[in-house]
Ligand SMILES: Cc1cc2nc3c(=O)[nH]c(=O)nc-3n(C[C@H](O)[C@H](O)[C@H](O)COP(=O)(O)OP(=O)(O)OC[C@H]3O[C@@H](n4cnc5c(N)ncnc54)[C@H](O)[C@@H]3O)c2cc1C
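Given next, in C-alpha cells, is a single chain: the form predicted alone.
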C-alpha cells in the first residue's frame, strides 16, 4: 500500500490527524491495532469544554458535565471549589473514539482495524512499515508517518525519536451504585499512602455512576496499582463510603506518560503525536485535547511537507509548542514539585484552599483544568497573602516554592520514600 500519509493509532490524536489529512486532499491510511476502535478503554474520559468547542464535538457524547471538584488531603481535610462556568465533560472513550474514526472515514481516510505496525525503516527516500493484520503481513510504503500509538509507541525509537518520559500506571473501576455528593464534581484523594506520585479519584459518569481509580509512580512504590485501589475502596474514610455496595461494571487499566519532553517529536518522514510524544498534562495525566490539537497541526505540516516544504516537519514542533507547550512544561514542573512535597505540606495546601476565601476565589475565578498555568500568578499571590496572615502556612508556601525551584533544574525523579 502506498498512501501519502500513514497514521498509526486511531485514538483521538490519530483520528483527528487522519481526518484533517484527508480533508487536505492527502491519500490517508489510518491503522488501529485493536479489532475495534475505542477498545480497550484506558482513561477517565475527562475532556475540557475547549475540545468540544474547538472540534465541533456533539454534547450527546458526554456522560456528565463538570464544574466543581472536591479535594481530600492526606490528613482528611476537604476543600471544595466550584466554577461559575462549565469546565469539562466526561465521555466514554469507546463511542467517543469511534465517532472520531468515523469522521476520519467520512472525510476520505481509509481505516484498517486489527492492524499492528511492527517495524519501520527508510527505503529509497520513503518509509517502509511492516504491519501484522489477521495472521498476515501488510507492507505500507509512504513518504510520511504520523505516529499516534499511545503511551508505549514502537515505531519512533526505530527512527531515533525517543522522547524522555516517565510512565505512571493507572487502574480504575467503572461502577454502578456510587454515592457522590454532586454529579458534577469529581472527588480527588491525595497522599503517599493513597497513590504514590499521583492521586486517586472518583469521576462521575452519570447519576449513581462513576469511575473509581488512581495512578502510581513505579519509582515511588514497588506495589501495583491494584493494591492501592483495593485499599482505597475498602478502607479510605471517604472513598470507601462512596462505593460501598457499588457494582464493578468493568475494569480499565493503562499507562500515562508524564515528566519529560527532552527530544524532538519529529524526524525526517515522521511526526509524533499525543501520548506517544508525551503531550500530556503531568499534573492530571490528561492529554485528549492536546493530542487532537497536535493531530490537526501534524496534518497541516504533512500537507506542506508533501507539497515540497523541507522545513514543515520541524515547524510542526514549533507549532505545537506555541499552541500548548507552555502547559506541558508548567504541569511537568508542578508535578515534580508536588512529588517533592510531604503529605504534611500537601494537607496544608488543601487546608488553605478550604479555609482561605482569597485562595479559593483565585482558583474558582481563574481555574481552567485545560490551561492550568493561568492559575500561577493569581494563586501564588493569594498564597503569599495567606502565608502572611497565617504564619502556620508560611513554611508550606516556602516548601512549595522551593520544590518548584528545584524542579526547574532537577530530573523530576523526586524519589522521596517508597510506599
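Residue numbers count along the first chain shown, from 1. What you see is a predicted model, and the numbers here were worked out from it, not measured in a lab.
The following text describes the form predicted together with the named molecule, which does not appear among the structures shown.
Although the partner is absent here, residue 274 sits close enough that one of its heavy atoms falls within 4.5 Å of the named molecule in the predicted bound form. Contact annotation for residue 287: at least one heavy atom lies within 4.5 Å of the named molecule in the predicted bound form. In the predicted bound form, at least one heavy atom of residue 280 sits within 4.5 Å of the named molecule. In the predicted bound form, residue 93 approaches the named molecule with a heavy atom inside 4.5 Å. Of the candidate stretches 220-228, 168-176, 67-75, 237-245, only 168-176 has residues whose heavy atoms lie within 4.5 Å of the named molecule in the predicted bound form.
Not one of 3, 27 and 127 is positioned with any heavy atom within 4.5 Å of the named molecule in the predicted bound form. Out of the listed residues 374, 361, 34, 385, 34 is the one that sits within 4.5 Å of the named molecule in the predicted bound form by at least one heavy atom.
With the partner omitted from this view, the residue of 80, 116, 98, 329 that lies near the named molecule in the predicted bound form is 116 [heavy atom within 4.5 Å]. Taking the named molecule as positioned in the predicted bound form, the residues of 239-258 that bring a heavy atom within 4.5 Å of it are, in sequence order, 254, 255, 256.
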